[in-house]
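Only one chain is included here, represented as structure tokens and corresponding to the form predicted on its own.
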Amino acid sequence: MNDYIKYILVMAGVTYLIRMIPMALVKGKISSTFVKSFIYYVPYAVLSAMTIPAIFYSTSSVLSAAVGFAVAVAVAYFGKPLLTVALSACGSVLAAELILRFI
């Protein structure tokens, strides 16, 4: 149990430092459009880099995962809420898995 507290404290410290250091180093308002756009898009890029590989290896078939990914992208493109996107992707993966099972 003592190790878990150490792990939580280290992660809290690391998370705090990652958020605090840029605020401490940058005193004024950022005027560079490149830096602003970089800061804006980095979270999306990191989330995509972490999520997309996991998508294709989370099902029993890469084909069903690709179907779910394509449906999720299509539903999200049309501006639907996150819950709708997730449920649509899960439903399409289920349908694809069932179809692949009988083929």
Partner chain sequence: MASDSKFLTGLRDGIPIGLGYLSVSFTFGIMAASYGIPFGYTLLISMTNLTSAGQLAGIGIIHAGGGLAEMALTQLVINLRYALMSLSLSQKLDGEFNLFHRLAVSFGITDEIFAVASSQKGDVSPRYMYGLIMIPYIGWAAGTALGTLAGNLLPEILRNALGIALYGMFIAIVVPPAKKRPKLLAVIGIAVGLSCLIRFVPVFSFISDGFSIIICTLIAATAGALLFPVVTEDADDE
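Since the model is a prediction, treat every value here as computed from it, not as a measurement. Under this definition, the rigid core comprises the largest set of C-alpha atoms superposing within 1.5 Å between the forms. Numbering follows the first chain given and starts at 1.
Below, we turn to the form predicted together with its partner chain, even though it does not appear here.
- Taking a 4.5 Å heavy atom cutoff to its partner chain in the model of the complex, the contacting residues in 79-103 are 82, 83, 85, 86, 89, 90, 93, 94, 97, 98, 101.
- The Cα position of residue 56 differs by less than 2 Å between this form and the one not shown after fitting on the rigid core.
- Relative to the superposed rigid core, the position of the CA of residue 82 differs between this form and the one not shown by less than 2 Å.
- With the core held fixed, the Cα of residue 69 is displaced between this form and the one not shown by less than 2 Å.
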